[in-house]
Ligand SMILES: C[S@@+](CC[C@H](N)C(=O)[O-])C[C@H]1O[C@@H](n2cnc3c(N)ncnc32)[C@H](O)[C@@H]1O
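Okay, so here's just one chain, in structure tokens, the form predicted alone.
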């Protein structure tokens, strides 16, 4: 893989603006000319904010894609005690990462893999950190949405994911006075398609149907109870957690219920309770999806 000239120019500009010139014997931008993404070190303030925004905690498994000199992996392991893995295609960066880990007393506690990002197995990650380019993020996006579990946190320094909007963005001011964006995404469950469940007892039993259209974490729904359409709103999807409100007319009054559940494949398991009644007892709720109606969100 070769880096386009514009990317080399970007790397040089970022290096001069944010992190100072690279060592004279091996300019950072020059050492990356054979790869899609140049190596530009992430400022310490940005590293700290990336880990904070991701909510890194004990038990997490962090993967840093394009790990460079290993600073994010080392800091995650040192500060939070998590398992951390760095992946980079450049053998020089991997050697540097291992040396930095040893210097920090973390040899054997972190791993660095010389590997193409698009061939790496990311399934065990609960946090993924990125400092690539927007074009590379876009190519990587289907893999992230396919391999990572719902609820996995993605954090990118500066570069976005095109129409997959971040769940949150913060701006970090470095000690050199320049500002850097840090973006957070939470990998959403796939809730697209037709979901069904039963509601009521005896003669009052009715079949409920929810149809969901999804663009990443943004979901729109329509619903019906038996043959009657229901008003729906307050739809929220965060990782595997899916919430929505349904309104039904009963005895001349509108009654609203809040449905909350955890998505696992073609099943949602959770509770339903009256809207606006936080102290009301919640009732167990379970919905099943016709798997033929699901649409891939890995686009």
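Because the structure is predicted, anything quoted here is derived from the model rather than measured. Numbering follows the first chain given and starts at 1.
The next section is about a form of this same protein that is not shown, the form predicted together with this ligand.
Peer 1: Looking at this ligand in the model of the complex, is some heavy atom of each of 262, 269 and 294 within 4.5 Å of it?
Peer 2: Not a single listed residue reaches this ligand in the model of the complex, so no.
Peer 1: When the contact criterion is heavy atoms within 4.5 Å, does residue 71 count as touching this ligand in the model of the complex?
Peer 2: Flag for residue 71 set to yes.
Peer 1: Residue 131: heavy atom within 4.5 Å of this ligand in the model of the complex?
Peer 2: Looking in the model of the complex, residue contacts with this ligand include residue 131, since a heavy atom lies within 4.5 Å.
Peer 1: Although the partner isn't part of this model, could you tell me whether residue 39 comes within 4.5 Å of this ligand in the model of the complex, counting any heavy atom of the residue?
Peer 2: Yes - in the model of the complex, heavy atoms of residue 39 and this ligand come within 4.5 Å of each other.
Peer 1: Residue 172 near this ligand in the model of the complex, any heavy atom under 4.5 Å?
Peer 2: No, residue 172 stays farther than 4.5 Å from this ligand in the model of the complex.
Peer 1: Here the chain is shown alone; which of 115, 192, 135, 146 has a heavy atom within 4.5 Å of this ligand in the model of the complex?
Peer 2: None of the others qualify; the residue that does is 115.
Peer 1: Give me the residue from 183, 93, 153, 180 that has a heavy atom within 4.5 Å of this ligand in the model of the complex.
Peer 2: Answer to the contact question: 93.
Peer 1: Which of these stretches, 207 to 215, 115 to 123, 75 to 83, 223 to 231, has heavy atoms within 4.5 Å of this ligand in the model of the complex?
Peer 2: Only one stretch passes the 4.5 Å heavy-atom test: 115 to 123.
Peer 1: Sequence order please: the residues of 73 to 110 with a heavy atom within 4.5 Å of this ligand in the model of the complex.
Peer 2: Sequence-ordered list: 87, 88, 89, 90, 93.
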